[in-house]
Structure formats: C-alpha cells, structure tokens
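In the structure tokens that follow, a single protein chain appears in two forms: structure 1, then structure 2.
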Structure 1
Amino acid sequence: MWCKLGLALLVILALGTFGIAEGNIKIGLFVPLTGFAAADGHSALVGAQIAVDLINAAGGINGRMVELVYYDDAARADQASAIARKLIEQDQVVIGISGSYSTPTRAAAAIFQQAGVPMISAYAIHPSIIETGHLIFRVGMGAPVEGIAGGHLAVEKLGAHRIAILSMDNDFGVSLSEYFKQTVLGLGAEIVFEKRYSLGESEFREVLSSIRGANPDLIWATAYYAGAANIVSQARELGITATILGQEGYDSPKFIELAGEAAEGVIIVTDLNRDSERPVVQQFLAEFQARAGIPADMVGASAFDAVKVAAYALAQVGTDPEDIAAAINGIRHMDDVVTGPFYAFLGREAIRPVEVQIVQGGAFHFFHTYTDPTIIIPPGL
C-alpha cells in the first residue's frame, strides 16, 4: 500500500546533509488520550504512528530510526507544560509535535521556544501559538484562515443573509468566531443572534430556542465533536431547519456517531478531503481505517503531516534547532502530505487548500475547496 510513498520518501531522506549515526532520533508528541478530547487524541496518535512507521520502513532518517515519544496531556495546559519539559529535559527530543488543542498547545509552545527546541502544532488553531517564537510552526489552519473561509462560504457559497453565531467560550471557539464575524459583516450579511457558551455544556435547547426566534438562515456554531453533536441534534429536535456550519472540531467520526441522522447536511470547514484522488490521501485513509477500526479524521491526518514535515527537515539539515527551523521555512510545493499539498510555509504557517465537507449518507464528503490566496494565506503575510 505504501510502496510508492515509501520509495519517494526514501529518496528524499537520502538527500539529507548529515551522516548516518547511531541511536534513534526522538520526536516528542503530546496528545489528549483521556478526558473530553480523547477521541481526537487517539486519532492524532494513530496518524503520527503511521508516519513514523512509514519513515522507518523506508530506512529511517539517513539510517537512523525515528522514535516517537508521547504522553497524554488530557487537553490541559498544566499537563502540556509539564510534558513539554519532560520531553525536552528527560527524553531529549529534537523536535516536538502538538497533537492537542489550542490552550495546551499555547502553554507547551512557550516551553519549547524558551528551551530552543522546535515544535510543530498539528491542528491547534489559535493565532498566538505561532506568535510564540521563531521555532514554533503549524501545519493545520489557523483561526484567521478557517474563520475567513467560513465567512466566504456562508455568504458567497451558501447564500446566507441572516446569521446566528454560537461560540464555545475558549481559545478555539472565540478566535474562530472573531474572524468569521468580521468576514460575513464585510460581505454584507447580518448577525441576528450571538452568544457564547461554556466548554462542557451539553444542554442547548434554551439558546437554540432563542436562535429559532431570530429566524437565521445559517448558524455558525463552534464546538468540539461531542458538543457539536448535541447542538445539531437539539436544533433539529426543535425544528430548526437553518444550515448549520461547523469547523474542524466537528471533523470526527464520533460527531456523526453521536448526532446520528441530525448530522446529515451539516457542513464544516476543515483540513481533510476524504474524496481527494491524491494517492497519499487514499492510502492514509485505508491505513488509518485498518489500524484504528474507524474512519480517519483531520486530526489524524494533520498529525501524520506534522511528522512528515519534521522528518523532511531533519533529513535535510540534521538536528540543530535553527537549521530545522530554516528547513521548514524553506519548504515549497510539498505534495506528500495528506492535508496538502503544502504550497509553502509563510510566517511558520503551512499554506495549503482549505477543504469544506458535508455529511451525506453518514459520512463526510467533498463540498468545496478554497485555493484563493486571499483566503488561504493568513492576513498580514
């Protein structure tokens, strides 16, 4: 299944500039394997492990095997900070990868930057993650891109004029809605309702009744998969027929499992196009399904890509932190990634297509792709 990809990666790794040496190359990973985000954490771990196994099957990085050192952060900032220190001081990883959410990723990024060790965020979106310092990178979409793409989708593609905004009151939800709101207002839409809710909330009928009274034609609701399932299920239960537009937090098989028929027709802005004809995508989807027993999601795909980017840089320049950062910044036209292709890294952000998926027949499918530079490149770059 992976023979062509393995051969291609072997050729890339053979071009590296540091010699064969003894000992494994340690890549650190922190993921939420327990708690409310456990499904995403397990997906990120599987995706990262697939990438590591592929790299090692192709001979490793210039003859050295890759060792993935990972810990459970339970999506907590204090845990992520402690893990970052452990990965750096005890495990002596040469690069770290966040397979976790924005709040723990922000906390860990500061530790990695201060210690002079590069870190890649797989999918955490908050803008301040990248602002931490010159050694911190992201392969997933940041909140500005995702929110702006969602705004264009809502108004220009879905024809929304009256929009309700329901935001989870944390780094993820607030930052996404900020850029979405700016965009739809700039495109002439009206915000007819806006409210925040607490992380962990499961009962939305009261706020959804108020939304129904505002008569929107589209609801932008930021949520993680469990909350998203409650929102869409309760909205349909109340007879709300407005289009529900979500984001990458919905991008999990658990969302469809929990929401059932209510998930049908829900549209999300995300990183992964399951219907892509690119071989790397279809091979990853098949391998993930075989290992995990469930369909792949954008979290797993993004973690896979983060490991691939790290391995590419290590193969090119070795383990010096500044050289690794320069190698990642120098990436252009990287095709062998699932959520790509990556056109470039600008401002330490991967510039790549933005995918839109719709739930049809109990699965995510293609709805639209954005490649317009004014949408996919973060503002200010």
Structure 2
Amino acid sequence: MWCKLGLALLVILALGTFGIAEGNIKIGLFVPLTGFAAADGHSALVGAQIAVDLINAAGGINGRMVELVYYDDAARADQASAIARKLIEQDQVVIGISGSYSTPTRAAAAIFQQAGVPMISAYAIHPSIIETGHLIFRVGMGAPVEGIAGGHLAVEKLGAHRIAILSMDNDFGVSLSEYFKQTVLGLGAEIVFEKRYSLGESEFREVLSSIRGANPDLIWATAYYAGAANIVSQARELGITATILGQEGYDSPKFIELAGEAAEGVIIVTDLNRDSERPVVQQFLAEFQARAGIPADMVGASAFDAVKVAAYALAQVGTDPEDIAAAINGIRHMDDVVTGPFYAFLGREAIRPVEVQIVQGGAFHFFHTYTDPTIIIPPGL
C-alpha cells in the first residue's frame, strides 16, 4: 500500500519536473471576474487571452507556447495576495500581470516583489504600485500625465475659463483631479465649483444643479464609465450645455450605450485611439468585438499590452527576473501595442502619446494627440 503510494508520488513529482523543464511559459494573471468589478475583469481577461493567442499563433516565445494562468480576485486585496502566492509558488509563473484595480494590485505587487518575480499592472494607476520595487511595472497611463494633459486640453484647446471639478473619491479620481487642477490654475483658469463624490454613486442631479448655478463653461468629472454615463445624461437632462471632459474611465463603448444621446460631444483623455491606422489596433478591436460581444475598451486594451510587454521581455532575455526587468526598462519605440506606441519605459512606466477622443455619431473618434514630452512624461522623471 505505502509502496504504491510512494510510487505514485514519485511519478507525480517526475511529471511535475518534466512539465517545468519542457512545458509552456506560464504568465500569471489576476482579474476580478465576480463582484462589482466583474465587467472590467472580464474585459481584461479577454484582452490578455487575445494577446496570448496571437503570440502562440505566431509560434510562441522562441518556440515555447505561452500559457495564461488566471484567477478571480473579486477586486479584493486579500484574495489578490493569496492568488499572487499561488501563482508564484504553485503555478510557478515567470511573470505576473494585474488585470485588476489599484487596491488588489498594490497587495499583489508586494508579494511579487518579495518573491523576486516581475509583475506588470495593466490599468491600475495608483502611484504606490510601481513604488513597490524594481520588478513592478505599469503599462497604463498614470494619473499625473492624464490630469496634466486634461488641463492643457481644457484651457488651451477648448478655451475654458470657468471650470467645475467633480471627482470620484478614490485614488484614481482624486489624483487625476489634483494634477488637472494645478495645471488649469497655472494656465489662468478659474475653478468655480469643486466636489468629491463616493464610488458607486449613481444620482448626481442635486450636485449638478449646484454646478449649473456656478455657471461653468467646462466640467471635469472623473468617473468609471457607468458613473460617467449617469453624470453626463443627468447633466444634459438638467440643461447643462458646458463641455464635459472625461478620462480613460469613460473609455468604454458601454459609456456611449448607457448615456445615449447625451454622450455626444463628450471629450475624453485616454490612451486608446480607435481611429489609429496601426494594424495591431484594428486587429485587436475586431478580435475583441468577436470574442466579448461588445466593442473593445481601454481595460481590455491595457491587459493586451501588458501581455505584449511581458512576451517581448521574455523573448529578449528568457525567464530570469532581473533580466526581464532590464529588458522592460530598455524598451524603446515599441509599436506592437494597442495603447501605444510606447516611446520608452521611464521609472517603470510606459511613456506614450496621450490621446484625446470625442464622442460623435455614437462612437469615440480622434480629436487630438499630445506628444509633447513636457506633457507625456510624468513629473519628476
């Protein structure tokens, strides 16, 4: 009996070692597939899977197939840290990818850094994520860049003088608004109204009434797409005609579907240019629509790019963590990404043009691009 068990154990062990030596390259992913963030998690998963399938269809990484190992973190920090351990110890992934929000990503980043395994955050933008350590990277656009670009856009391109600021009260919303506010004040505009609202809010009529009373010519409102749809449609319902300026949180076809007519003319600062003629963009947009059944969003695109960056580094230098980090830091002019091109990685963050899109005829379209280094490079670098 014991002999048989021992034998079985030996076989399992042998198979395990065999698997590690000759098998696929494992990339780990944690995404919220249940709970309040399930929609974003689903988009991120689809985006990452498209990237993996494209890489494998093209022959894998130096002949080895890529395997995406993913778990549901429900956008919770405790689950994300448990998953990070599982990915590292049990699945032995060579690199981790966050397709989740800032809080779980911060928790997981600490574990990846500690274990000496590199990690790339797709769209979680809290500054402390990449401050965790030298193995933690981000492909999404940081809040400072987005806020500063928004400020220049509002004052210089849209000619706003009287600005109202409505901020979502979390890391994402507040840091965006901080940099936006500094920029517009520096450019001579006036803030006529400023308020935070809590995440998950869906009733904005009373605060929008107050904003109407302040008579702004532009409203900067930070939000995720569902909240954005509420803000925009309720503002138009109240007869507010001021330009509404949003950010990447609006960047989902669901925003346009939910806001309907009211979405027309809304301008957003983002990193995805759907009118781009780069083939990788058009291929991704078509593939995402086919798989997810809805048009692509920024979250899916960012997860796609995170996998692309990981695969690029793995193809260059193999699976050594320090080499991977060096390879990502050494990226220059990477064109094969959807939210790019990435000019470089500075301070472990992707540097790329800032896209400005406008909703016209029920779809996002090109409005403007910022490539000026003083705007697209995060302050302090």
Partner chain sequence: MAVLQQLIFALVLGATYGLIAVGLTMVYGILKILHVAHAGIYALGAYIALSVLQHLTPNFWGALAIAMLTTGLAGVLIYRGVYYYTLRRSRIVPLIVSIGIFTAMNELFRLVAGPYQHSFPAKPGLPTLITPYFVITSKQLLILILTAAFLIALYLILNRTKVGLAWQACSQDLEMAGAMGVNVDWAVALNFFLGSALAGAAGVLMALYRNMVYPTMGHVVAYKAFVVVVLGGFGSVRGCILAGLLLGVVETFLGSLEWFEFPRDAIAFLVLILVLMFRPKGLFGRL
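One-based numbering along structure 1's sequence throughout. Quantities reported herein were computed from a predicted structural model and do not represent experimental measurements. We call the rigid core whatever largest set of C-alpha positions still superposes within 1.5 Å between the two forms.
The second of the two standalone chains is derived from the form predicted together with the partner chain. With the core held fixed, the Cα of residue 79 is displaced between structures 1 and 2 by 2 Å or more.
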